[in-house]
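Shown below, as structure tokens, is a lone chain in the form predicted on its own; questions about how it binds or moves come after it.
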């Protein structure tokens, strides 16, 4: 069973939740209360030493960083592939994934802070 440590306001976690939904994969959510700094407790830091969400746990193996998690899910569960076969289209998809990480995520953090 896939487990996702997530927060509803995290754009990076949302990216992973979208991939899980598009691939119709069953998963269990673990809400990490960022306001209470649950992401910094010792148990969570064992899963994700960076202390951020999301963290995916698959068969007791943690996978961290949202873009890496998305790639992991597509590689591990290939029945419904979200990766494009055309290299140019794939580069555009990767651009938007990076855009979430480098532009949208920091902007959301600035609004919440």
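Numbering follows the first chain given and starts at 1. Keep in mind that this is a model prediction, so the values were computed, not measured.
This protein has a second form, the form predicted together with a small molecule, left out of what is shown; the following refers to that one.
Residue 34 is the only one of 45, 82, 29, 34 with a heavy atom lying within 4.5 Å of the small molecule in the predicted bound form.
Using a 4.5 angstroms limit between non-hydrogen atoms, residue 57 is distant from the small molecule in the predicted bound form. Although the partner is absent here, residue 70 lies well away from the small molecule in the predicted bound form, with no heavy atom inside 4.5 Å.
Proximity of residue 22 to the small molecule in the predicted bound form falls outside the 4.5 Å heavy atom cutoff.
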